[in-house]
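First comes one chain, alone, set out as structure tokens in the form predicted alone.
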Amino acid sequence: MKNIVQKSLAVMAAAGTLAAMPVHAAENGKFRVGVVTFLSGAAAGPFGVPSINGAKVLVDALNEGKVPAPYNVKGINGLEIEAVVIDENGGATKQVEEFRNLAERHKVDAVVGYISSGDCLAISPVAEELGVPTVFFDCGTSRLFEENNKPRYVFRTGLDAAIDNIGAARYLIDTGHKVDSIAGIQQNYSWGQDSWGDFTAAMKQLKPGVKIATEQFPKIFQGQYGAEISALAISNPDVIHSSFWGGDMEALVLQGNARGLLDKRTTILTCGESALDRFKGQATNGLIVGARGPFGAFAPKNTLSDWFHAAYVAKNEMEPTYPAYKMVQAILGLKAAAEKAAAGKPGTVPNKDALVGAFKGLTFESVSGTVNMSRANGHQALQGIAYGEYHFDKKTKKASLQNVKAYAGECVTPPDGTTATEWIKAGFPGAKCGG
């Protein structure tokens, strides 16, 4: 698949800075971008394939000038977009080597990618060292801008996991679910550990006295969860929470459902929307799912999202899930910033300082609505999040979401200068959650 994608995909964008910053001519008449996502391994099917398919749909349309305004200028600032596509499978050490190749051998103008929290934590300092504008489209660890607290070249157009888990806790409380006891099953690395920490802390604030029935931390991509499912069942919690993603998440649902685990308890999956059409009715109706923001089935209706949904379905003959939307969001942000930085000089590439200067604090329109790069000193997107209940219609063979509830970014996001842990512990001071 990797070779097929490399031959057929032309991708994406860099981000520029203030109007006065310098630009230069593209060395080959194209805007070259490294695009990194899972093309093999357990994460490819549910995450990597939708994201690379989303990139191809968007980039082909951008290069043909067929994307709705404000993105109707061809390519990036009039330059054809060229992609160098890299498989994220293989671990953080391999990804650092691949990143250096993108910068030094392929001489990309920017890099967009990374699903794994472990990978983005490894890449971030290298991007700063090499001065390569880098946009994380999915990677969710809260540690990204805690460890890199003075970012220059690194941006994230997706949300961090704290928002997922604060939103999950609020949804459970606001929809009246019984939450006297909770249990968790998370992948045993930074993503799973931080997700569970944020969720349990938020639940303790919103439901004082809540008890933790059990905590299960199998290794990532373990695949078989018989022992963990038994432990969850024996602990008999009111709620099961999981930040599992990719093949792990789908395996947990199928194995848990087969053993009656999920139909007796409220279960909430922060990444569950990615398998909305892959469950094929094998998940329990009432399963609560999220999409790590206003993506996929939770995307608002607007000109861009309507266009993208139709274009994706026409090209791929399936519904786009949230990884596709998040990749597209990163590309659109890069295009908006690059053209801002180019200062009305078509056919030029803004230099790297111009690129990151324009991206910092940028507000741009996306398939998910308006995106404000207003956290982490202008390097982190601020958006809301939504959750809903999975329902499968056996007659139509279609899945849908019911009882959807959305939360504004200001309700679930710590203010700048405060970590998620500190903000939750303090009781969410300044949160704006409406009536």
Partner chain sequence: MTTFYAIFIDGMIYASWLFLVAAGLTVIYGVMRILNMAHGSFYAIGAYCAASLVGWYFSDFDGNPYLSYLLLIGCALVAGLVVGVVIEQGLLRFMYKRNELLMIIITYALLLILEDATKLAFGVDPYFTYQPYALLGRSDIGGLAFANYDLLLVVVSAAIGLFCWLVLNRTHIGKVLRAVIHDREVAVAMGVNVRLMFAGTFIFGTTLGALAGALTAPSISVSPGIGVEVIVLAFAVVVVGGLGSIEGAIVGALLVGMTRSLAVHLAPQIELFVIYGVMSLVLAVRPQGLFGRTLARKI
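Only a predicted model underlies this, so the values are computations on that prediction, with no experimental measurement involved. Numbering follows the first chain given and starts at 1. We call the rigid core the largest set of C-alpha positions that still match within 1.5 Å between the two forms.
There is another form of this protein, the form predicted in complex with its partner chain, and it is not shown here; the text below is about that form.
> Although the partner isn't part of this model, could you tell me whether L382 comes within 4.5 Å of its partner chain in the predicted bound form, counting any heavy atom of the residue?
No, L382 stays farther than 4.5 Å from its partner chain in the predicted bound form.
> Is it the case that D263, even though its partner is missing from this view, gets within 4.5 Å of its partner chain in the predicted bound form, heavy atoms only?
Yes.
> Q255 near its partner chain in the predicted bound form, any heavy atom under 4.5 Å?
It does: once its partner chain is placed as it appears in the predicted bound form, Q255 has a heavy atom within 4.5 Å of it.
> May I ask you to check whether V313 falls inside a 4.5 Å heavy atom distance of its partner chain in the predicted bound form?
Judged by the heavy-atom cut-off of 4.5 Å, V313 is well away from its partner chain in the predicted bound form.
> Name the single residue among N372, N403, S400, S40 that comes within 4.5 Å of its partner chain in the predicted bound form, judging by heavy atoms.
For this set of options, the contacting one is S40.
> Which one of K74, R152, K204, R278 is close to its partner chain in the predicted bound form, taking close to mean a heavy atom within 4.5 Å?
Contact residue from the list: R278.
> Work out which of the listed stretches, 158-166, 337-345, 298-306, 231-239, brings a heavy atom within 4.5 angstroms of its partner chain in the predicted bound form.
Going by heavy atoms within 4.5 Å, the stretch is 231-239.
> At a 4.5 angstroms cut-off on non-hydrogen atoms, which residues of 186-221 are near its partner chain in the predicted bound form? List them in order.
Contacting residues: N188, E215, Q216, F217, P218, K219, I220, F221.
> For K219, does the CA position differ by 2 Å or more between this form and the one not shown when the superposition is done on the rigid core?
Passes the 2 Å threshold, so yes.
> Could you check, with the core superposed, whether the Cα atom of E365 shifts 2 Å or more between this form and the one not shown?
False for E365: its C-alpha shift is below 2 Å.
> For I173, is the CA shift between this form and the one not shown at least 2 Å following rigid-core superposition?
Shift of 2 Å or more: no.
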